[in-house]
Every structure is written in C-alpha cells, then in structure tokens.
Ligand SMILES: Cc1cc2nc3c(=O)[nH]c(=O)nc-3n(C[C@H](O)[C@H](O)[C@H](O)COP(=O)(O)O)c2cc1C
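Here's a solo chain for you in structure tokens, the form predicted on its own.
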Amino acid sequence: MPTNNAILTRLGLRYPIIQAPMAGTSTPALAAAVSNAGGLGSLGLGNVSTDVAREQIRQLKQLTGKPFNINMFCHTPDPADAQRETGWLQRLQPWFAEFSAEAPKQLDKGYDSFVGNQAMLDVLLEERPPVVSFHFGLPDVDAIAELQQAGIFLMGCATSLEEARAIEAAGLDAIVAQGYEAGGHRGLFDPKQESGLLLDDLLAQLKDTIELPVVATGGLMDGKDISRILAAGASAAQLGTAFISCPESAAPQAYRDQLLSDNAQETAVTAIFSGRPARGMVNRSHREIGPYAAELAGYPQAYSAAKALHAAAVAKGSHDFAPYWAGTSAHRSRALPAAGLMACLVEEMQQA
C-alpha cells in the first residue's frame, strides 16, 4: 500500500473519513453533510431504479459542491428456484402466523446487478459523480473503462487478498478493505468463499502486496480507530454504523433505539435475511430462523421474505425480526448530527 495519501490528494478531501454507502439508510442529506464537513459522503444506490438513482444524485449535487461517492452492487443473482423459494416461504410461515399474517405467495426477484446494466451505467455517465464504488464484485471491463474515461474515481470492495488483487488487476483507483467486523453485507465476490479476515489482518496482508491506496472499513467508530488504521497503512477510513444514528440518515426510530441500547452489544453475520452474509444486531431471526439457513432461498430473492416478516412483526409492535445492520462496535454509537460527528472524529484523531 502506498505511504502517501493518494485518495485525499486526488479527491481534494480535507479529512481521511468516508461515510459508508449503506443502501437504504444513507440519504443525500447525510452524504452532503459529511462531504461538506471535509470527508467523503456516500450514497448506496445498488437497490434502486435508474430513475431513483438519477434523482438522488441530483439531490446530492444540490446539497454539496464537494466530492461524493455512489455505490453499486455487482452481484451475480442466484438463479430462480421455485421449489426452493416455496420451501423457504413454508419454513417461515409459523413466524408469520405468530403475527396473524400469511407468508408471501412468491418471492420478488429483487434488484438488478450493475453488471451488464447499461441503463444504470448511462445514468452514471450522464451525472458523473466524482467517485463510484462497487460491492460484491466488479462490473465488466468496458464499463470500468467508460467510467474512468468520464473522470470518475473508482473503488472496489475486497474482503481478501485475492479480491484485492482482482480489483488492482481491473485497473481501479482504490480498494475498500472490508474486515469481518463490518456491519451490513459482506463484499464477498463469491458468498461461499468467506475469508473471515478481521480488518487488521486484512490490512497486514495487503500492505506489502498491493500498490493501490486502501480504504479500511470494519468496526471503526471513533477518531482513535481511524488513527490506528491510518498508522497501519490505510489512506482513509470508512465508517458506516457510526453514521446510522445521525438525524440525516433514513434509519427508522426503532433502528436508532436498538443501536443505543444494550442490544447493540451483540452482532453476528448471517445470510438468513437476504441470502448473502451480512452483519447485524442479533435478534430472533438470528436465533430461531438461523438454524434453517441450509434451506434459504437465493440472493436477492430471499430479501423480500425477510422484509415481509419484519413488516408483519412491526404491525404487531415487534422489532424482533429486523435486519438492523451494525458492525461490532455498534455499542459505541453516538446520536449526533453528521457535521457534529465529523467534528468529534477529527478532534479524536488529533488527540490520538
């Protein structure tokens, strides 16, 4: 990893702090607040339509003239399997019945991948966000070339040295090194190839073998954490869970309450919500449905079943089946406006 801070220099950032994209939780207001405070705000748009993506990017442009990041999902969807999907819905029916509800008749196909998605590529080429990052893999070489020709800085998420090498070989500009501590979905290229590497171990593997600048993410919550990973060779730190409690995020109140409660002490990685491994606060879904993970429907189809069960539970006043994504340091969450949190992070970095 390079010792100079290429990311700050190239993007003109004041501080080596990136707010994680967090699809469904990030908002233009949150990303703009972080960018305006000298960091890099991000929007996760891998789960939305092209029209919504275009609108949110334009909203963000109205709120900041600073650099920002747009994140896309590059997953390979699991093939439809009617028998497996029906079986999974039948497996979940007892929990739906607990809340006087019926499981859906079938699963939605879920959101599209960015791979081969010309319509979404056209949106990015038209709007030209300063930074685009990829999760779950990489797009095709032609898409990468077109985005770079448009002057867009490209980052890919790696959970292992092998994935980092693939990102470097593809010619991207930086690597987001995701430790196992990170909240939300693991960035695995292949969900069956889990390295389980903690952030410090992953950074150590990348240090002497990767030439690209590295953004470190996973379990980082305060300025002391940021200083530690910068000392380990990272060019910047990406924090996600730390920003969920900010008023600018789209997190519902119940999510915020959980983050600021004792429930945030325990998080775990599971695939039962979406069909892909993701870390969140442990609840009844983890404990009761988790043992049936071998029967799980594919990604992203399975997500619609988990969302339907969560909605049924919420209608009866229960939040025990929510996919509340959170990293291992969730118990250190602070309910601060994004600008205030950025100020705290910077002060803590300086003190460290």
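Remember, it's a predicted structure, so these values are computed and weren't measured experimentally. Sequential numbering from 1, following the sequence displayed.
We do not show the form predicted in complex with this ligand, though everything after this point is about it.
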Heavy atom within 4.5 Å of this ligand in the predicted complex: which of Tyr255, Phe189, Phe96, Trp88 fits that? Just give me the one. Tyr255
Can you pick the stretch from 96-104, 176-184, 207-215, 121-129 whose heavy atoms fall within 4.5 Å of this ligand in the predicted complex? 176-184
Can you tell me whether Phe114 touches this ligand? I mean in the predicted complex, with a 4.5 angstroms heavy atom cut-off. no
State yes or no: in the predicted complex, is some non-hydrogen atom of Thr25 no more than 4.5 angstroms from a non-hydrogen atom of this ligand? yes
Heavy atom to heavy atom, is Trp325 within 4.5 Å of this ligand in the predicted complex? yes
Are any of the heavy atoms in Asn71 no more than 4.5 Å from a heavy atom of this ligand in the predicted complex? yes
Taking this ligand as it sits in the predicted complex, which residues of 228-263 have a non-hydrogen atom within 4.5 Å of it? Please list them. Gln238, Leu239, Gly240, Thr241, Ile244, Tyr255
